[in-house]
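First come two forms of one protein chain, each written alone as structure tokens, so that there is a structure 1 and a structure 2.
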Structure 1
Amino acid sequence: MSNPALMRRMPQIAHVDVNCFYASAERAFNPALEGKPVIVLSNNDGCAVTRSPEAKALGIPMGEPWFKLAPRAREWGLIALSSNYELYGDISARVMELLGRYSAWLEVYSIDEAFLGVKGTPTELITLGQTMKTAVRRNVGVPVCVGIAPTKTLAKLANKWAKNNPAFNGVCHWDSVPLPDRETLMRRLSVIEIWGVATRLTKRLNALGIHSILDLARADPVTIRDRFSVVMMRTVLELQGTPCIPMEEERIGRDQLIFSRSFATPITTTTGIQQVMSVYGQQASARLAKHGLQAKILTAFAATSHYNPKDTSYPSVCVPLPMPTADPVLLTKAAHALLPLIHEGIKYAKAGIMVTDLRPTANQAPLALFVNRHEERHVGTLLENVTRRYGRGSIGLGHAGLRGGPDWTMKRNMLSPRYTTHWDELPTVKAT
């Protein structure tokens, strides 16, 4: 494709994601963490879920339990932090809102990554990628990398390449890279590295002589469909440059659950969005219950269509829930925090919610009972006041509550302040 006019018409997909998201969000407010090995631990301070490049360089594997690392942390200068989901949720909402300004088509894929529809010549696309990278870093304060390619699968691969090869300066436009270099990369990487290929499928692919990403890209799509599934065939087609992975409606990730949908007819009223949010709230509740999980943070968002480039609007809001919950009423109420941001009359083509900070359910029944009964009496406000005055964990709800219930026993010994969502925990600037 050397015809610039043709290339300008061909839509491409940009995949943007935040480098070491949790660690980067912490660094944005605590510059002392810059350049030091930082890990963020899973719930209960269990294991490393995010590692800064310096922590990776120490050879700390993903998912390494903290108890194994703790004895050597001092010697390494390793800084471990508990998951601060309120902070991450707010930073995520800011990143997504900002990215929405650069494309009329945005798909929030997870807490730290999004797909955007983009058009232009290779030079224009690389410039756009650099512009977005600079803007997110400057405005929000976290570093991102960008991969741009004809399909989502290739865009993800391009992003991975941009992250690992400093020559790209954070932005890789797949089609601009000479073909032999792309093939070398795909030959070097195992199929396990590709988006959507699960570990258990790798062995079966290997049995067919498919080891590298390049092997998979050169496989016959029909054969792959017959031996595996339509999903795997789509991956092959995507690697060959044919876009075929549609908008997904529900995903459960390592620590998040997302519901989002495009509407057949655009929604133009706050009431309409309210109804959609109520449906999602209930769906999220059902899914959480099914997986035996409760959520602590909810993010709600809406977006205008990419076919309608004027009157764009990408409202996004992050809501800390009063306690870990799978309660449909609480989730719905939280999702309604989006409503004040909705512009009446604007055509919203898509909306969704994402719940994060998931943890296993325990003592759900008494907890839910107490919530509903006491909410009317403003027990929540009282609890917040006491907590504000005497610190988190100083008061809890009922017999399920005080240092006994699931949330209150959660170990988060290395929790940073909730810098952006709590007035009492704002970042401090020194005037000395």
Structure 2
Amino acid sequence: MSNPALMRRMPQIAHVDVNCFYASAERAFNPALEGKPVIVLSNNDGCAVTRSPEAKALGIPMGEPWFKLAPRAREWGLIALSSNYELYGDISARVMELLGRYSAWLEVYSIDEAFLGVKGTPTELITLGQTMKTAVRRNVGVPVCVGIAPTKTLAKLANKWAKNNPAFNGVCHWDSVPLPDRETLMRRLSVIEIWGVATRLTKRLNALGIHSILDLARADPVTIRDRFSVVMMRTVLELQGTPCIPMEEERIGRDQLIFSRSFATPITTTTGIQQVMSVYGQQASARLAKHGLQAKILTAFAATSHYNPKDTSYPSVCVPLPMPTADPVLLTKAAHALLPLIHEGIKYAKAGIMVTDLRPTANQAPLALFVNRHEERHVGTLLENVTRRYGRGSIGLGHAGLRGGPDWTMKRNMLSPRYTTHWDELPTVKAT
């Protein structure tokens, strides 16, 4: 396509992704981590969920348990950090706000990646990609790569290429790369590298002789639809350059909310599980209120560790609520329906609640007989306001009223400061 005016009118999609997001967020406030192998651990300091390039070079696999890495950490110079969710969430918000300045068409896909609608000639788009990359690095402090293509699937593929090929300088415009080079890349990559294609689907595709991304791109879309699904047909069309996955606006409604964590210390008593259910009930209430939602069904569950074959118990209970509600009292009482199913002495490693059948608040006014006095007095809003001002754990209902936090709360022994969200942890700069 050689007509510049026509090329400017053709919409393109830019996929912007933060490189090694958790590790990069840590380095933004601690430059001493630059050039060193860094891993960020999962809940309870369990296993590596982010690895810096230097850590990957040591051969550390994703998901490697920390207890296996710890004995050699000093020898390798490996630095392990607990997951600093407060910091990562704030850094993500700053990145997305900055990207939104470059396009009115922004879809935040995850905590570290977004799609943007863009237009322009290849030269203009590459320049735009470099501008966004420089702006995020300068203003937020984290590195990003940019992939630009006619479809979301190709944009993600272009981003992957930009990350792994220094010649692109972090920005790859798919259509600017010669066709033979694109085909060579797709021939080298397995179909499992494609967005949305997992292990089971890869095996089914392999059985049909489709091993590489190029094989899939050359497949007949109708045949793929008949053998697999419409979703897979869209993937094929996207690889062929036909946009089939539209940009989405921010999703206000939600299908469900889940509150669940593994325990730092196993819980062996009904009283301990009761405390957990109380805390999660209050958290569910706050989250529902934040999004202007109410729930009609609550499911509570607990589970022992898969690595503990001696004790096995997976109790769960589904409780229909008397009315759509976000009331912390009603949610907590419903969650306590799990307690009769708990076995004393069993080591429970995880528990949680899930609220479903969500609907907008005040979507339908209840009859006077069914008005909830706690919601009428805004108890949930009061709890959330106090929590927001004085911190999580400063107030709670019944067993959720904690001082200092219980033993089972998430272990984060290697937590870095929450530089941007807590006044007493703000970074300090010493001038010499």
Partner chain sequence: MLISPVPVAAGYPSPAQDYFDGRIDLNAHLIKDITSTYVVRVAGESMEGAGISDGDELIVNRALEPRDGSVVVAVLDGELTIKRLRITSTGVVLQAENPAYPDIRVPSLSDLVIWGVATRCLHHV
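Everything numeric here is computed off the predicted structure, so don't read it as measured data. Think of the rigid core as the biggest set of C-alphas that the two forms share within 1.5 Å after superposition. Numbering runs along the sequence of structure 1, starting at 1.
Chemist: The form predicted on its own: is that structure 1, or is it structure 2?
Modeler: It is structure 2; that copy is the form predicted on its own.
Chemist: If we fit on the core, is the Cα of G89 displaced 2 Å or more between the two structures?
Modeler: Comparing forms between the two structures, the G89 CA shifts below 2 Å.
Chemist: So that I can tell if P324 moves, could you say whether its C-alpha shifts by at least 2 Å between the two structures after the core superposition?
Modeler: After core superposition, the displacement of the P324 C-alpha between the two structures reaches the 2 Å mark, so yes.
Chemist: Taking the rigid core as the frame, does S278 move its C-alpha by 2 Å or more between the two structures?
Modeler: Yes, the C-alpha moves 2 Å or more.
Chemist: Rigid core superposed, H336 Cα shift between the two structures in Å?
Modeler: That residue's C-alpha is offset by 27.9 Å.
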